[in-house]
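First, one chain by itself: the form predicted on its own, in structure tokens.
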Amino acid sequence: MNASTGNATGNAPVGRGEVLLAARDLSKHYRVRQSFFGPASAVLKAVDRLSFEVYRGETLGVVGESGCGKSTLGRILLRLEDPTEGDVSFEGEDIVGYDRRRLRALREEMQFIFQDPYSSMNPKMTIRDIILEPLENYRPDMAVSERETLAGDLLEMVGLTRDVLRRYPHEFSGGQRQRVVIARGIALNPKFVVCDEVVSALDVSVQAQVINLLADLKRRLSLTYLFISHDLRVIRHVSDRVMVLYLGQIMEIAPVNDLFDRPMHPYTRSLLGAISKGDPRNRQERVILRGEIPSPLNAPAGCPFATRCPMADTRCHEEQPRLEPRDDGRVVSCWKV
């Protein structure tokens, strides 16, 4: 995988097109105990007032340090968890208020591919049963022979062969297991797929293969991805736009080339500086951070990044900046840019 070659989607970066999914003031807060025997007296703001769109046919990369709320966001968007407040709309319809019946129908349109392919598969089930499980649940009228044929077709689509249908997950490598999970994820022909650190547990050479597979499936099946990763090189390779999170809040959203070539938010510049050190192609000035990431149980007032930002002043520490849209298609939450 060579991040310098641009994204792997095979498309021109998606601009302001048709909105497939939109979040408005989306938050997820957890009540947690501060002592073993004490009451739930503290609030952890895993996701805090996020507003953004995902355009049909694009890959929106989501990046940030561990604990910034990336995975929680993905689970909320697919209604695997309920938001504390805020709205999520899919194809123009609010899905936060869906009951169990409507959520079940929604699962056909939205799928989740998890980080660890082994833990997301039942080790006692054959590959055939793993892939056929969603078809049995959602296509009960489909003939058994038709399901069997489709299972083989799906395996071939992800680069495996039909003769593995009777084998078990433990017989496969990590990359092969991830291909099986991807095959299961596309079995119902979804429109929107959340990929949560899907290559982080794989070797670099296998990462490239899986990323290229996802790009190929996106083109063939007209998929839209929310691609979550802490690896900026992977994000650059797969994304059309990138959303940068810090302590559960959006710092910047921008087209992928604009973000990597001309990052605006100090936090974005610090992230990119960390991977570009020693790279003669990158002449971005590095932003050196001080201190540690604040605890989400005790998030600072004002800008969440102010405690580490070398540009911060009194206003930054006291007043939360607005997420301001720019003429070039990006949005930035910073008083200094």
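Every value quoted in this text rests on a predicted model; they were computed, and no experiment measured them. Note that residue numbering follows the sequence shown and begins at 1.
The protein also exists as the form predicted together with a small molecule; that form is not presented, and the subsequent description refers to it.
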Contact of Leu44 with the small molecule in the model of the complex (heavy atom, 4.5 Å): yes
Residue contact check: Glu197 to the small molecule in the model of the complex, 4.5 Å heavy atom: yes
Gly302, heavy atom within 4.5 angstroms of the small molecule in the model of the complex: no
Contact flag, Gly61 vs the small molecule in the model of the complex, heavy atom cut 4.5 Å: no
Answer range among 140-148, 202-210, 68-76, 97-105 for contact with the small molecule, defined in the model of the complex as heavy atoms within 4.5 Å: 68-76
